[in-house]
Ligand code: ADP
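Single chain ahead, written as structure tokens, the form predicted alone.
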């Protein structure tokens, strides 16, 4: 009744609903206990998604200890507004960041708010920030199961799910159990558990020491029937990188620990992709065709009739069937792709019996997804008409340069 009698409240909810429609996936990062590295995990997750070409938003709602500005080296950046609202800070080409810590008058200012004020602030940080369209919206929550995560679930209504971060020792794992029970009670799917600070490997002798034990997070995840995403070791460079505002997966991307974080993210995306519905497109009938053995089906992302340099941002796809015996194109069709959502295009193109993709640029993760599906990717091609690209490729004359999306 309160909502029906309050036009302002109804309008606010409508504005939030319209904003959330632009977020394809919303992930809440939780921890049952403070000091487990939750914000570090959230920041590196968001950075990694952005580096791999996904449009990503990172919102820090840990009002009493906002860490994201420091972790990304953004604490001194000024927030500005325009006619569309608050402009989030950018990190690289694909990541937008906002935190209450960026709006406080001083870094040492304390936030002394009760539940309703926190709910109102979270609504504003979603509704009044110009996030644009996002593949992933990552929310870094404070420790525990209090007002902030509960408010997020009530506002978002149907989040994609939660990532729960723990350290291996029993006292942390016990608190994480409460977080998973919280998720179950509010119908928030648990996408997986990450065990942080899982062992320390001496950089000099390579001997591993389990300072906080090891394996507690996995054991708990198995017992509670949720996915275990992986372990992140206790790494001194993560500490120094965080203090310096240098995201670890960006500045230490060749390290073993960074590769473990990437593996965790790959598993997370795979879990999300497997849960995603299969798109219905105009090519359903087209995909049932069985090609002769001497045919190769090419897929070229196009914009205005020529190759689109940024794969996934194309207006259409041109499918070309090439008869390798006759050395000629036998079929050329332009298709509207399904909505650009993470993991959808590899499934869709595989269903269309595509053998080869010619692209201007494509991220490493996307290339691996296509390769795993038996589709060969040629990247670094120039802006040309699809027919010329196919002829040049078949005849060994296709000139390729740098992969502009190679992260």
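Residue numbers count along the first chain shown, from 1. Computed from a predicted structure; not experimentally measured.
There is another form of the same protein, the form predicted in complex with adenosine-5'-diphosphate; it is not shown, and what comes next is about it.
Shown without its partner, this chain lists 353, 379, 67, 367 as candidates; in the predicted complex, only 67 has a non-hydrogen atom within 4.5 angstroms of adenosine-5'-diphosphate. A heavy atom within 4.5 Å of adenosine-5'-diphosphate in the predicted complex is found for exactly one of 253, 271, 242, 227: 242. With the partner left out here, adenosine-5'-diphosphate still marks one of 47-55, 30-38, 355-363, 369-377 in the predicted complex; by a 4.5 Å heavy atom cut-off that stretch is 30-38. When contacts are judged by a 4.5 Å heavy atom cut-off, residue 148 does not count as touching adenosine-5'-diphosphate in the predicted complex. By the criterion of a heavy atom within 4.5 Å, residue 233 is counted among the residues contacting adenosine-5'-diphosphate in the predicted complex. Among residues of the shown chain, residue 179 is not one whose heavy atoms approach adenosine-5'-diphosphate to within 4.5 Å in the predicted complex. Taking the partner from elsewhere, residue 197 is found to have a heavy atom lying within 4.5 Å of adenosine-5'-diphosphate in the predicted complex.
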